[in-house]
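Form predicted on its own, single chain, as structure tokens, below.
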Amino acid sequence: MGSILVIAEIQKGKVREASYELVSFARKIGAATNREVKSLVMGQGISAAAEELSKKGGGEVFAADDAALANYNLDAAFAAVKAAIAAASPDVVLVSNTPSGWDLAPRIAASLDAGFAPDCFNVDVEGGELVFLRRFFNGKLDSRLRPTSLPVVATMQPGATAAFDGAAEGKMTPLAVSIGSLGTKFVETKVASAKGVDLTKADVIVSGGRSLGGPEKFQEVIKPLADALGGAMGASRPVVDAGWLPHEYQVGSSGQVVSPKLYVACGISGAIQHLVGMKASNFIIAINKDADAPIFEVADLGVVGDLFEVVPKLTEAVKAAKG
């Protein structure tokens, strides 16, 4: 039996929340299959972050500290991963489903001739075998991926499970990495200037999905409710991809991550990417005619019905209550 290797990511000098979510998945697998949990932290000046991860469930944490790893570079990161795999002998490798994870995970899988389970939101153990779950058809269906052999590399959706926050003592082991020459180099990071709608500061957000049918419906149905509640209007990714609203209205992992006091989701099915962006809201109301829509899994109040009937009546009720 091999081990489980968590590929952690560093952000602003600390291990990302998404990496502690990977630890939760790794410990779930480890408890069910008697595998050890091990982790890799790579970067420059990351010993403190690696030490912290070792005390918070990461097991034996391999710390690859090198100037070439200060900023993400595929060749350098892959060299660190190869060294960690040689040290840990894993047969399960977990990577966050993030931009760097999208880049790195397939290369790891190819190098190991391993099975590859991308974009997963959960993992189960059935009869000692791993089963990875991922959504498709815009979250309407779940698929179950059962590796036919090991090793396996899986990318897990950030926000799909709670981050491990327990105290499970491990150890930190420095990891020597031979990086060699790199085919690419890091140039700079550019942060887009803030503009348009800042949904992160809104106390109330009313969001609409693709089922509204067109951009005019946002002005006719969604905006009146948002205005009545004194809030802001938001949207799901398909709406933005269709060009109905600018990107600054998008709520989700590739848009804005919000936590208002009230979030009203109208005609949004609830793909995991959207749930990641709004599930920390204090109170969630979901309106959808599909009773099996994933959005109801996180909603505090769910209304199964036609949004074109429900939302205008809700707007009228709010206006009447406010006088």
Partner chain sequence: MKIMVCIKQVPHQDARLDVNGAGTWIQEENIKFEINPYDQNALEAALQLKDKEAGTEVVVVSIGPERVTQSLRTALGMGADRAVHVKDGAADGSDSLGTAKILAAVAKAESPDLIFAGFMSDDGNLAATGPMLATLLGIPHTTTAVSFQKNGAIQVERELEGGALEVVELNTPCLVTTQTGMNQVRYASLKGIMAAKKKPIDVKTVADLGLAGQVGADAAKIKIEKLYTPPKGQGAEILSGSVDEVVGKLVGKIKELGLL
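Numbering follows the first chain given and starts at 1. Keep in mind it's a predicted model, so treat the numbers as computed, not measured. The term rigid core refers to the most C-alpha atoms you can superpose between the two forms while keeping them within 1.5 Å.
Keep in mind that the form predicted in complex with the partner chain is missing from the display, and what follows is about it.
K.L.:
Quick check on this chain: which one of Gly170, Pro106, Pro215, Pro224 has a heavy atom within 4.5 Å of the partner chain in the predicted complex?
P.N.:
When the partner chain is considered in the predicted complex, the option within 4.5 Å is Pro106.
K.L.:
Is Lys201 one of the residues lying within 4.5 Å of the partner chain in the predicted complex, judged by heavy atom distances?
P.N.:
Taking the distances in the predicted complex, the answer for Lys201 is no, it never comes within 4.5 Å of the partner chain.
K.L.:
Just to confirm, Lys14 within 4.5 Å of the partner chain in the predicted complex by heavy atoms?
P.N.:
Answer no; every heavy atom of Lys14 is more than 4.5 Å from the partner chain in the predicted complex.
K.L.:
Although the partner chain is absent from this view, report whether Leu133 comes within 4.5 Å of it in the predicted complex, heavy atoms only.
P.N.:
Answer yes; at least one heavy atom of Leu133 falls within 4.5 Å of the partner chain in the predicted complex.
K.L.:
Answer with yes or no whether Pro99 is in contact with the partner chain in the predicted complex, where contact means some heavy atom within 4.5 Å.
P.N.:
Yes.
K.L.:
Would the partner chain in the predicted complex be within 4.5 angstroms of a non-hydrogen atom of every residue among Ser143, Lys185 and Val310?
P.N.:
Yes, each of Ser143, Lys185 and Val310 comes within 4.5 Å of the partner chain in the predicted complex.
K.L.:
I need the one stretch from 172-180, 240-248, 216-224, 83-91 whose residues put non-hydrogen atoms within 4.5 angstroms of the partner chain in the predicted complex.
P.N.:
Going through the listed ranges, the match is 240-248.
K.L.:
Going through 292-323, which residues have a heavy atom within 4.5 Å of the partner chain in the predicted complex? Please give them in sequence order.
P.N.:
Contacting residues: Asp292, Phe296, Glu297, Ala299, Asp300, Leu301, Gly302, Val303, Val304, Glu309, Val310, Lys313, Leu314, Ala317, Val318, Ala321, Lys322.
K.L.:
When the two forms are laid on each other by their rigid core, does Thr315 show a Cα shift of 2 Å or more between this form and the one not shown?
P.N.:
The answer is yes, as the C-alpha of Thr315 shifts between this form and the one not shown by 2 Å or more after core alignment.
K.L.:
Would you tell me if Leu104 moves between this form and the one not shown by 2 Å or more at its C-alpha, with the rigid core held superposed?
P.N.:
No; that C-alpha moves by less than 2 Å between this form and the one not shown.
K.L.:
Spell out whether the Cα of Gly13 moves at least 2 Å between this form and the one not shown when the two forms are superposed on their rigid core.
P.N.:
Superposed on the core, Gly13 moves its C-alpha less than 2 Å between this form and the one not shown.
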